[in-house]
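Two separate entries follow, structure 1 and structure 2, each one form of the same protein chain as structure tokens.
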Structure 1
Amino acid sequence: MENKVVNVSGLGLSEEELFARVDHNDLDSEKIAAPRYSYWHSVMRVFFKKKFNIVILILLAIIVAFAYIYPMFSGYDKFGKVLVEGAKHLSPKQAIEMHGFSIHWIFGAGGVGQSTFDAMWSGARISLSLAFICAAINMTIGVVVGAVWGFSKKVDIFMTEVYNIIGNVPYILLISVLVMILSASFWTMVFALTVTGWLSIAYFIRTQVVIIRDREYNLASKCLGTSTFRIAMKNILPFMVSVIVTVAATEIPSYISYEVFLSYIGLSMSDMSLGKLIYEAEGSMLTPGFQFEFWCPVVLASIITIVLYVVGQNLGDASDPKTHM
């Protein structure tokens, strides 16, 4: 390194600023000089480092925004029927020829002559709402119950039994009985999907808590007199964040898939969700030339689930502190 002589008097600083006496300080010497680490800041940094993640996040934002905003303007009515002759089962080309070019007709018309494009987005809005609400409820209950389940041995014995029993009650039966007793509305479906849905999440979280609970550092912490609550909040929760995000990433799209499955076997709700659209268009699938109507909602459901899944998984990866190096 080249030695360069600088004349400090030329900097125009006072003597005090240039030279100050620093005494030895026990307290200061205990401090570890390391770059500032903020957990969420690092998560975001890792997540946005990949260009692919930015692209897919934008895609997700567009889909969600479109699903929630577009149906407000499209004027789609689930009971609506187009009574003009020859307006049913149109391919995009035929529909544009018939109705003139507009965004409504770029995917043709369905079995009752309604615009497939409008129906799809209206369905996407309902399916997404269902998925978000169910995931929020199930994740909240599941994580809280799972944490308690993992910590307390008494609760563990009881809950494992409950889990074994409820897990064997056919899910389809439970949902159909609930739909029959209540009504096939949106909120019934939310209730049916959440009434036992949190159990599997809680079980998963419980297993993770059990794994981390008995590690040496927690044992040490306990010996030093840390309260259980503090151990849970400070020692275990940070470990769990990436697990929770990963679970959420698989849960949200799984509700959309599950709703499609339930609709297909005849347990649909009254709202025109993506699942119900697919169910109603199934007849078109068997008619040559009409398959397009069936594939539109199927493809949209697939795109939504894939995008949600990939964003969630990558966010889960980014929230794992091991990737923050």
Structure 2
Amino acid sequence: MENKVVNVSGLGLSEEELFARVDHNDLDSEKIAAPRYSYWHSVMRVFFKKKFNIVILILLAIIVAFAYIYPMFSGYDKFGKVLVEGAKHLSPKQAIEMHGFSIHWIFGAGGVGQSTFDAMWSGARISLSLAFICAAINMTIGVVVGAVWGFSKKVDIFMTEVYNIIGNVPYILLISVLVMILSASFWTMVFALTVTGWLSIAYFIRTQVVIIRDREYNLASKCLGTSTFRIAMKNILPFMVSVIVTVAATEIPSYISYEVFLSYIGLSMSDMSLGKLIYEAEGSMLTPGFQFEFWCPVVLASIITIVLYVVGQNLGDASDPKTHM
């Protein structure tokens, strides 16, 4: 394409009409003509962009609703049918024939005549509560300590020695010993899972902080006199949101797995959690007609851990600013 030169003098227009003076404004020159960026808005946009995430999130909402709301209205009583003749160890078909069709009996009846369906969700409430409380404690302590640990070289020397001593003790062994020494209750399990559970999280965060602590903006903040704690909280942790979410995604399901495992080997807490249900129904696993009592809580525990893990992992991926482009 040829470039043509146009002689504006032949247009019959004055200079005022052809040209307009633009005043210089320092404030206007600093404005960037780009759409406003919101971090969490971008996270939600990327997360909900995948239809699979919506489906799995709905499934998680249903699980949480049944675990926390359904037991409030189910009227579940483990020993409510213990004196009813022929009400124990019933398959779904037998339970419905005996008690009439109801959501309570769609998975049959257990060893003392209790509804397996109601027992599952009552146990799920306890197991989920344990996982959420332990995750909140361990993640809070682990992230804060890990950030300071990685940025302060004095803290690094001390905490590394602590980690080398405690970190070499098998975690599951430490939990088992604490549960055996203390009374087996809900808060005993919380204590056992959190007394040193935060240490591995702190070490992982420390490793990530070491990678980014010597970047220019952190050195500049340190030269200006900013405290180590403030640099860790304001400069480093916001940069690691996706990493923290990913760690939480693996931590929350792991506590349910620990609780189920400890219950299965006989170190269960007194509360009727999913692990306790599995432990009590262990003898029904190979008994013809009784298998529902064992496999129902096993399947529910597996679904809960998988859903929590998938939601957390996908949310962690969406939290990475690199995916917001």
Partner chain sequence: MTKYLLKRLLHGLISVVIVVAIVMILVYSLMSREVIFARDGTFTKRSNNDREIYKYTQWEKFGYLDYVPYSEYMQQLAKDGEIDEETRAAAVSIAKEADNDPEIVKEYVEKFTEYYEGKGYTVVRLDPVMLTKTKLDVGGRQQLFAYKDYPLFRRLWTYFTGILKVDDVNYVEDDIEDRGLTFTLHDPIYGGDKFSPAIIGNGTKHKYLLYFDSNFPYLHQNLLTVNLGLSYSVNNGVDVFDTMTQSQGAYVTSTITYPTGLTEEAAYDLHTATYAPGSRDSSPMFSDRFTDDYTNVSLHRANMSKTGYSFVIGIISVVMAYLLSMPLGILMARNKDKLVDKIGTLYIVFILAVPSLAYIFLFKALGGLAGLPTTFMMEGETWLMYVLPIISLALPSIANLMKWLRRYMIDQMNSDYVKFARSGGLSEGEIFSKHILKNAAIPIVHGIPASVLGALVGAIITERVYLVPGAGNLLTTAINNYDNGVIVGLTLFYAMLSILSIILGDILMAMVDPRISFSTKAR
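Counting starts at 1 with the first residue of structure 1 and goes up one by one along its sequence. For clarity, a rigid core is taken as the largest C-alpha set superposing within 1.5 Å between two forms. Computed from a prediction, not measured in an experiment: that's the story for all the values here.
By the stated condition, namely the form predicted together with its partner chain, the first structure is the one that fits. After superposing the rigid core, the C-alpha of T196 moves by less than 2 Å between the two structures.
Superposition on the rigid core between the two structures places the CA atom of R230 2 Å or more away from its counterpart. After superposition on the rigid core, the Cα of I175 moves by 2 Å or more between the two structures. Core fit done between the two structures; CA of D214 shifted by 2.6 Å.
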